[in-house]
Structure formats: C-alpha cells, structure tokens
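Two forms, one chain: they're shown below as structure tokens, one block per form, named structure 1 and structure 2.
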Structure 1
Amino acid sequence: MERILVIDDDHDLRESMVEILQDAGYEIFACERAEAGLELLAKQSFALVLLDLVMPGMSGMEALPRMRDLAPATKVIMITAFSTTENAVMAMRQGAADYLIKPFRGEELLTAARRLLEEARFEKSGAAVDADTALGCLANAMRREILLNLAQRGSQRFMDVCREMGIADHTKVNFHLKILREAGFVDQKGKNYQLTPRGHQALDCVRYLARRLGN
C-alpha cells in the first residue's frame, strides 16, 4: 500500500483529503505543520506529499527544498488558495511535481495523486532495471508477449509457453527466452520459466509507457 503524507493547517480540509485518499486505498499520515512533516519524512518513506503553501511557522515553500533533500524520489503536490502564476512557477522550480488550487474537488485530488504515484512507480522500476536497457530488450514484440504470458500464467514449461503464444517455430521462442534470461527478466528453474522481480519491474515500465502513449 502506497503511503501519502498530508500537511495542511486547515483541519477540515486536511481531514477531507485524508478521508478521500484513505477511501481510495492509500495509507495516509497527516500533520498540521511543515516542521512535523519534515520530521516524519526523516524517519519514514512516502511516495507522495500534499503540502500546503501558507501555514503558521515554516511555510510550504520553505519546507519544499528541505523535503527534496530528505526524499528526492518523493513526489510533492503544492496546495494553495492563491492562484498566482508566480507561486506556481516558484513551486515547480523548488521541486513540486504538481499544483492544486483551493478549493478543489475530490476527483481533482485523486487524479493528480494517481498520476504522480504512477510516475513514481515508473521511475522506481526504470531505475531498478536500467530503463534504456529494458526498453532496448523489450523493443521486440515477441519478448514483450513472453513476459506478459509469464506474468499472467506464472511458472511455465517451454512447450507451454510456445503453445500459449501459438508459435510453431520453437527456435524463435528459445532465442528470445535466452535474451530475457541474460537481461535478468526471466529465470529458469528446472524445466520451468518464470518472471524475476526485475522482469516484473520491466513489465511495469512497458505498461506505463503503453498507457501514456495511448493517452
């Protein structure tokens, strides 16, 4: 379950965001001061932070660069009641990934959160597998099909892979399985083939890109 940190001194808005995000299936932590949020970030990992711009004590704009230092992979959505271009530009320059203007609808919040969490998953997977190598290896349609087949069916014997894909030329399948094994995407145990954790990450990269290109 992905973890989200909500930092906003407005009690009603903070509780509303917590409820919306919890109902969507996320694990939520919340606080009303930037200082408390920084303490949490120093101790725990979060995929996303929702950060109010104007708060008593340290402002969101002051906290943002510190958050980027503490957790550079964590996405930050800046929240403000002041819809000025200057604030938006400054927040982006300081490292914010998105910007929401109060008041916003629950669906706006969920759309922004889901998009950034998906980007974070892609970046994490890409870093883990070396995105350039992964995409080079998976540029071939048959190799992508093999990965998808193994992801859906689980561990399979060689002939089962060929049969599921409807390919009579077993030499081709064997060739592409060899490339996937060398890339660390597929593992062979006895006579069975299965995806490795690296293979699942590579497949996540492909699915993410397919969705983005489809949009």
Structure 2
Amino acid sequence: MERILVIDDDHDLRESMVEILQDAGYEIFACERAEAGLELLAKQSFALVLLDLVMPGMSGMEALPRMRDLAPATKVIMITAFSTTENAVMAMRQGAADYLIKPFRGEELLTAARRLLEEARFEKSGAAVDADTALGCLANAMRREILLNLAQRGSQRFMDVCREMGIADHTKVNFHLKILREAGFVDQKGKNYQLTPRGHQALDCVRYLARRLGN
C-alpha cells in the first residue's frame, strides 16, 4: 500500500485530506509542522508528500529542497491558499511535482495524487536492477556518452546514435546499447532508442556525482 505524508498546520484541512486519501485506500501519515515531516521522511519512505506552503516555523518552500535531498524519489505536492503565480513557479522550480490551490475539491486532490503515484510506480518499475548493475553500467564512459546523447537529442535511430558520437564500428555501440537496455536505462520503440525515466535518473546521478566531486 502506498504511503503518503500530509504536512499541514490547518487541523481541519489536514484531517479532511487524510480522510479522503484513506478512503481511497492509501496509508496516510500526518503532521502539522515541516520539521516533524522532515524527520519522518529521513527515517521512513513515502511515495508522496502533501506539503502546505504557509506554516508556522519552517515554511513549505524551505522544506521542499530538503525533502528533495532526503528522498529524491518522493513526489511532493505543494498546497497553498495564497496562490500567486510566483509561488507556484518557485515551487515547481524547486522540484515540486504539483501545486494545489485551496480550497480544492477532494476529486482534484485524488486526481493529482493518482497521477503522481502512477508516475512514481512507473519510474520505479524495471526495479529488479540493483545499485550494482546500475553503477556497473554507468562506470563505462561510452555508455554515459550514449545516455547523454539520447538525453539531448531525444529519441534516435541506431545509426544516428553511432554517427552522432563519431563511432565507426556500429557493433560496439550495439554492445553498449544492449547493456543500457538490460539495465533499464534505455528502451526501444520501433526503430528508435530513447531514455527511460530510469535512464534520466541515472544520468541525474552521474551529474550529481560530478557536481559533488568537482570541487
């Protein structure tokens, strides 16, 4: 059962969200302060967080980047009564997955939650692969280059990938492409190869690594 964390200082709204989501069959945890939410998030894993923007103590906007850091795979829906476009844009920039404006109907909440949980499930799928396979796969420079190339150019045909990278021997590319496919980083739609969500994540990880080590 999917675990959802609700963080809102407004008691009534919080209880109402909890009820709606519980009725929909999710497992809900709730707290009224961002600080408490972060602690929970550090210890346990949630598929989704509903986060109020305006709260006493730490605001939702402050909490958001920390959450992204603590649990990058967890989706965050930002909630607010004061709907300025600036806030919405800011939240999305920080990596919020969605943005709800109070008051909202239960149906809106459920639609957003379902969409994101579906997304999360999808991103998680192909998850038979462990860190070992993933890191082993990313350890190779040509494979990273292929990932990068596919990320930039989008869906590409086999020979285009080869040419793009200036590699004469197509079987070599084929070899690595196969490994990328087996790791679930790349998939093939007809004649076209493209990154899976998982592949994008892997690339993010490489970037994350490069950023951290680059000092």
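What you see is a predicted model, and the numbers here were worked out from it, not measured in a lab. Residues are numbered by position in structure 1's sequence, first residue being 1. If you superpose the two forms and keep the largest set of C-alpha atoms that fall within 1.5 Å, you have the rigid core.
Taken from the form predicted alone is structure 1; the remaining one is not. The two forms, fitted on the rigid core, differ between structures 1 and 2 by 2 Å or more at the CA of Asp160.
Here Glu108 does not count as shifted, since its C-alpha moves by less than 2 Å between structures 1 and 2 after the core is aligned.
Annotation: Cα of Asn192 displaced by at least 2 Å between structures 1 and 2, core superposition.
Per-residue C-alpha deviation between structures 1 and 2, core superposed: Thr171, 26.6 Å.
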